[in-house]
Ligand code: NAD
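A single chain comes next, written as structure tokens; it is the form predicted alone.
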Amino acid sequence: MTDLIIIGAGPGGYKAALHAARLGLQVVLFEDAEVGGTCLNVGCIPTKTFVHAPSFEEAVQRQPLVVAQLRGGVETLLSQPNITLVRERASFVDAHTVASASGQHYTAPNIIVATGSSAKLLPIPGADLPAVVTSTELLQQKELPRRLCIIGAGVIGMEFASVFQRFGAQVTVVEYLKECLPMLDGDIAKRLRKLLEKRGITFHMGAGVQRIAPAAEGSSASVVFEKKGKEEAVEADLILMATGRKPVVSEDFAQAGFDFDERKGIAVDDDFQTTVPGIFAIGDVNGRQMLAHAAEMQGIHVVNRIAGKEDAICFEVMPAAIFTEPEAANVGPSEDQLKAAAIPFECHKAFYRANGKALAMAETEGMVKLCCEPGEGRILSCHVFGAHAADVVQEVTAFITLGASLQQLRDTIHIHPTLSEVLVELN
């Protein structure tokens, strides 16, 4: 008998384990792969290593070193006495019992499911061809593809498009929607896409992929899509399927009795408790906010609830970033979403080209769009593209969380010269 069982040692799971141990709880943490989950091993961290590497060769060489160092740090943290790391797959026996792959049973009054997500593939002919890869396989390539076709212009697709074009690959992006990055303000997304087009990336928007054809002479495969009623094709040496992710659920979840769905994940309430008291689901598996930092904070909140500790984490204010070149980031609803919801607002804009630090850095491509209540009232959202966009949005996230107004943001002294001064230059 232990205080808490956690299934999955990704960002949500291992951070929850560490927080619980700090609060004096005894934790059993299951992980049948590497600690750190998708984010550390085949997602956020390897991708950012590619983003910041000057060449493909250096990225390939440095990536495993960065991952190994961070993974080693996590394993060291998890070696403390209050945490038992079981490196096996866990399966539910009942609502309070979990069995390891070797047959040992563990019981606890509280269980957190943090099994994460996996790549979602389009169910089209040719999706299983050798030339088709997910982000995991793309990060394992040892040779730079001459021609890379990316299906999907979401976060994963856009980040890889940006970095592989910089490495020297010929990059084509095929997207079903009319614009990239649907979570971003439409104006911001369009400006970013146009900038990437100028740098040499070809975009086919409003294009529905029909199939992936076997290799023709001189190519590995062809992506066949329909655009404006006409069928077109793009030949590529490698094809990245970047069409989203799906929660990792298991048939044994039924033994615990909580509601779950293969497409939507595990159903939870606002405290991330499932339909069975004492069982919680955090991170990608609950399908709410598929972000590593969301998983971490959900885990902390759940542990606080188990320990009877109050917190003021505001999950309605969730910042996100896209590490293209330049970056893009956002927090809160877009201008179009505010209009659709009939929420009164006013919109303010500022451009990097008028910012002294941006000029000094030769990073003048960028724009900030901030929405607030009328009369420079409470800040509602901020969408940005440009150098260090994530840092700019992070500042605004703090203001939104505290319910601050645009006037209060303007009254806050900003260091000069910094990119964050763009926030007080909003017109």
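What you see is a predicted model; the values in this text were computed from it and never measured. Numbers for residues come from their place in the sequence shown, where the first is 1.
Unshown form predicted in complex with the named molecule; subsequent notes refer to it.
With a 4.5 Å cutoff on heavy atoms, L177 counts as touching the named molecule in the predicted complex. When the named molecule is considered in the predicted complex, E327 lies well away from it, no heavy atom lying within 4.5 Å. The named molecule is not shown here, and in the predicted complex it never comes within 4.5 Å of any heavy atom of G186. When the named molecule is considered in the predicted complex, I156 lines it closely, a heavy atom lying within 4.5 Å. The candidate site formed by I313, C372 and G403 is entirely out of contact with the named molecule in the predicted complex, as no residue has a non-hydrogen atom within 4.5 angstroms of it. In plain terms, the part of the chain that comes close to the named molecule in the predicted complex, with a heavy atom within 4.5 Å, is 317-325 out of 256-264, 317-325, 101-109, 193-201. Screening L291, V133, L338, L78 for any heavy atom within 4.5 Å of the named molecule in the predicted complex leaves a single hit, L291. Checking V74, V249, I300, L122 for any heavy atom within 4.5 Å of the named molecule in the predicted complex turns up a single hit: L122. Residues are counted as partner-facing when one of their heavy atoms sits within 4.5 Å of the named molecule in the predicted complex; in 227-249 these are A242, T243, G244, R245, in sequence order.
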